[in-house]
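Here we start with a single chain on its own, the form predicted alone, put down as C-alpha cells.
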Amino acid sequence: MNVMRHISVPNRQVEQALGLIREHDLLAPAMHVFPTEDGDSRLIPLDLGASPSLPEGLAKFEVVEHEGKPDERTDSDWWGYLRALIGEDTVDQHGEAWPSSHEFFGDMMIVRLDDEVAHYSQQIASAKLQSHPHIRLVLSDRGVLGELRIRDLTPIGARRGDEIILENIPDDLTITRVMIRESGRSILCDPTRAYFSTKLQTERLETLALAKELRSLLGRPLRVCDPFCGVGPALATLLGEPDLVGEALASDLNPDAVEMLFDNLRRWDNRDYPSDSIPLSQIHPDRLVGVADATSLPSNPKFSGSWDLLLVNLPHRTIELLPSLVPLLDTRFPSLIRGRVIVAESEIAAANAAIRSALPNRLEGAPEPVLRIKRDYSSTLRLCSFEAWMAITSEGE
C-alpha cells in the first residue's frame, strides 16, 4: 500500500478536524481514519492531491507519513455500480477477467483491462468514477511502447462536476500532466510521456533508509548516480533528507522525462534549471543532469569512478546491465547499488546468482544481495528489488 500523508489529531479534536478537512475536500477517499500506536490520537488520511499548505485550523496539527489503510468497503462499491450497469450474470460470467486493481495518479486512475472485458471499458470507467468521486479521469493501460517504454494510455471515462462522460471526452478533461504528492514533495509527471509507479513509494522510502545508512558509514553527504531517473521520484525522496545528497548525476534517455525532471529540480533545489531537455550537462557544480544513454556513462572519465550510491531502475534489463555500470562507483570507499528487476518467480534463485556473479567485490559482513518481491507485474512476472553493498577494491586501496 502507498505511504501517504496523514494529519495526527488528538482524539478530542478529531470531529472538529474532520469537519474542516471535508469542508476543504482534503480527505483521502477510500481510506481509513485509524488510531496512533499510543491510542491518544487519530491519523486522518489526506488526499494525494492536497496542497502541502494546510488551511487555517489544520496547520497546527502534525503531518506524518504513514502507510495508508484502505477502506475495503468503499472500493467494493465499484462492483455494485458495475453490477447495476451490466447485470449480475455478466459480472459473474467474466470472473477474474475484471480489473482487480488500479493505480491512482493525482486525480487520475489507471486500470489495465483484460482483452476479455475490454469491450466493457465504458461501464468499468463509469463504475470506477462513481465509486471514487475525487477522480477526474480513468485511463486504460495497454502496456508499453518502444525503447523508452512509454505507457500506452487511453482515456475511457472522465468527470466534469457531477457529470460522467464516457464518449467524446473533451480535451481539457484528458490532460495527463499532473502533480503527484509524495514524501512531502510535489513531482510533476505525465504518465503518457514518462511513467513512474506511485505504488512504489514504500520502495523509495527503503532506498532512503539505505542511503542514510551509507551516509553514516562514510561520514559525509553522498554522491548519487541515477542514470535511469525518469522525472526523478527516487531523487525527490533523497533530496528531501537534509545533508544526505552532495553531488548528483540524474539522466534519462527520454527527453520528455528530463524536461519534467528540470521542472521538478527547479522546485526541489530552489535553483535555476533549463526549461527544455538538453544533453547531460554540468548544470550546477554539484548537479549533472540531462539526456544520456546510461550505457555510455561508465566509459566517460568525467562520470566513472565518482559515485557512492548507484540506482539501477531499468527492471527489464538491470541484470544484463549491472556489470557495465559497476565502474561508475568510486571503489576507494564502500558503496551501494540499489536496483529493481522484473523476473518470473520461478527464476528468482537464478537471478540472485546472476546478480552476485555480476558483483564480485561485495562488502564483507554485509547481507548478500537477494531479490525481494515487491508486487506482481503480470500473472507470471514479479517486480523485485535488491541492494548490494560493495567493498573497496584492491585498486582503490
Ligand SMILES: C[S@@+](CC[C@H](N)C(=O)[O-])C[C@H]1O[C@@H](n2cnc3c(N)ncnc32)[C@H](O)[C@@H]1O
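On a predicted model such as this, the values are computed, not experimentally measured, just so you know. Start at 1 and count along the sequence shown; that's the residue number.
One more form of this protein should be noted, the form predicted together with the ligand, which is absent from this view; the next part is about it.
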> Can you check whether L153 is within 4.5 Å of the ligand in the predicted bound form, heavy atom basis?
Replying inline: no
>> When the contact criterion is heavy atoms within 4.5 Å, does I124 count as touching the ligand in the predicted bound form?
In response: no
>> Although the partner isn't part of this model, could you tell me whether R204 comes within 4.5 Å of the ligand in the predicted bound form, counting any heavy atom of the residue?
In response: yes
> So in the predicted bound form, does D293 come within 4.5 Å of the ligand, heavy atom to heavy atom?
Replying inline: yes
>> Given the stretches 253-261, 101-109, 210-218, 174-182, which is the single one in contact with the ligand in the predicted bound form, using a heavy atom cutoff of 4.5 Å?
In response: 253-261
> If you check D162, E96, E147, D115 against the ligand in the predicted bound form, which one has a heavy atom within 4.5 Å?
Replying inline: E147
>> Within 4.5 Å, heavy atoms only, which of Q130, S186, N313, S277 is in contact with the ligand in the predicted bound form?
In response: N313
